[in-house]
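Take a look at this single chain in C-alpha cells; it is the form predicted on its own.
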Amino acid sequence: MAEKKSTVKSVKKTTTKAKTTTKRTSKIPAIKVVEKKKIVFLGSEAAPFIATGGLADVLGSLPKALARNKNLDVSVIIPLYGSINPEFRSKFKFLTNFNVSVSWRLQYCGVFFYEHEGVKFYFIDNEFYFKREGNIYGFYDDGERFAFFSRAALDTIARLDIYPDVLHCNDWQTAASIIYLKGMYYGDENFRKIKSVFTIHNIEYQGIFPMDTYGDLFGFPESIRNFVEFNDCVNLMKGAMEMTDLLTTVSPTYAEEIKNPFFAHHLEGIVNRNSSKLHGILNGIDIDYYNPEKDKYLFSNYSVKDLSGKAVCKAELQKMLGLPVREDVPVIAIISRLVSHKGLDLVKAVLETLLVDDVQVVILGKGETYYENYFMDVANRYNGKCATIIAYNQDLSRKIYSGADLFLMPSKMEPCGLSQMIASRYATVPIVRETGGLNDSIKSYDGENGNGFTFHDYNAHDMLYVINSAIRTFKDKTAWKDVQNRAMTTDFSWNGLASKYEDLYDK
C-alpha cells in the first residue's frame, strides 16, 4: 500500500509540473509576421543599366529609395537591350525562358535577374526586338516591340510567382501592360488582385498607332475598344489613363498644366475626365550619384562647406574648351536635347546679344539639325566666348555642371526636369522658365530667399532680363555665395518624395 501511495503522489507531482509548464508556455506572445508589400515597376529604361533621359534616372533612383523601407519588396522589369553595359551584363543570372503571345505571333522570351542596391531587376530578353544598333527608340516596329515587352512582363510575373500588390507602369512604352492587365488578364485571380499606377513622364509621346494594329498587332479584345481608341487610332497612353487605378505625373504644376489643351497634346478631355485619380509628385534625384564631394568625373571635388574645388573645375573646363581662363567672367551652360520645346528659339533670339557682354557660353547636346548647325556656327564666330559640343557625353556633362556658374533651362514645357536639380547640386545656379517641374523646384532669388532665377512669360527678352539680373548677382560676391548655398542645399532627394508614393500605394 505504501508503495502505491508513493506512486500516486509521484504522478500527481508530475501532473502539477506539466500544468505549470503549460501555463507558462501559453503566456509567450505569438510572433507576428509582417508580409512585405510588393511593388513592381515597368519601364523602358533604368539607370545605371541603360539611360537616354529622365525616365531612366527615376527608375534607377525611386525604387532604390522605396526599397529602404523594410516593409516594401521592390522590383523593376526592363528590356535586356544589347547596349547594356557588358560589366553589368556579365553579372546577370538567367532564370527561365518561355514563349509570349503578341496577337497571333509566338515570340521567345528569356528572363535574367540582378539585384542592385536593394532592388530586384528583371531583364526581358529577345534579341530580335532589343539587340539593335543605335538608340533604343525610334524603330519602325516600336509598337510591336513594346507590345511584346508589356505582355512579357506580365507573363514573367506569373512564371516567377512575383505577383505584386501594385504594378507601377511608366509612359507609353508600358501603357499596354495596364490595358492587358485590366482587359485580358483580369480573369486570373492573382492578376485581379493587382492594383495599378500609371505615371505620365511626358504626355507628348502617347504611343499612337493605326487602328488596324488594334487586333493584328496588340491583340486587344473588342470589349475594351472604347478605352483604347482615340481619333480613329490606337492610343496606348489614353487606354492606360482610362483603365489604371491611379494616375500620376512628375510634378504638381504639370498635373495642372495637362488639363489645358496647350500642354495636353489633345488629351485634355481624358485628363480632366480622370482628374479624380490624378496626382502630381515632383521627381527627385539620386544625391549619392550626383555628389560633388565624391563625383569621379570632376576635375576637383568640393562641398557646400568648401567650394574651392569648384574654382578648379571652372578653370579646367575653360582650358579644355578653349575659353580664356577667367574667374571673374560668368560661364553660362546649356545641357539639353537641341529641340524647340526646350526653349532654344528663345536662346537663338538673344544669344548673340548676350555674347556682346563679358560672358562665356557652353552648349552640350544633340537634336534637330537646325539647332545643331546654328549653335556650331555661333561658336565658330564667337571663338573664345562660346563653345558648342554636339554630343551626349556623361563625363563632359558632369564637368560642365561643376565648372559653370549659371545653368540656363528656358523650356516651353517641362514635365519635371532633372537638369536644374543636378546643376543646383553642383552649385551652378539655375535660370529657368516657370513651367512644370521647373516652377515647383526653382524659386527666384530676391536677396533673401530663392535658389535660382526665374521668368514667367515665354519671351526672349524677359529671359535676357533675368539672365542679366543673374550676372549682376554673380558680380556681388556676398549675394552670389548666398544663392549658391541656397541652390546647393535645396533638398532634391527622394527621401520625402518616396513617402508620397508609399501613401499612394496604401490607397
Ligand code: GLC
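Being a predicted model, the structure only gives us computed values, none of them experimental. One-based numbering along the sequence shown.
Heads up, the form predicted in complex with the named molecule isn't pictured, but that's what we're talking about next.
Of the listed stretches (446 to 454, 63 to 71, 48 to 56, 463 to 471), which one has a non-hydrogen atom within 4.5 Å of the named molecule in the predicted complex?
Contact-bearing stretch, as computed: 48 to 56.
Name the single residue among Gly417, Gly403, Pro410, Pro79 that comes within 4.5 Å of the named molecule in the predicted complex, judging by heavy atoms.
After the contact test, the surviving option is Gly417.
Answer option from Gln206, Gln360, Ser150, Asn283, heavy atom within 4.5 Å of the named molecule in the predicted complex:
So the residue touching the named molecule in the predicted complex, by this definition, is Asn283.
Just to confirm, Asn202 within 4.5 Å of the named molecule in the predicted complex by heavy atoms?
Yes, contact at 4.5 Å.
Can Leu236 be called a contact residue for the named molecule in the predicted complex at 4.5 Å between heavy atoms?
Judged by the heavy-atom cut-off of 4.5 Å, Leu236 is well away from the named molecule in the predicted complex.
Under a 4.5 Å heavy atom criterion, is Val250 part of the interface with the named molecule in the predicted complex?
Output for Val250 is yes: heavy atoms within 4.5 Å of the named molecule.
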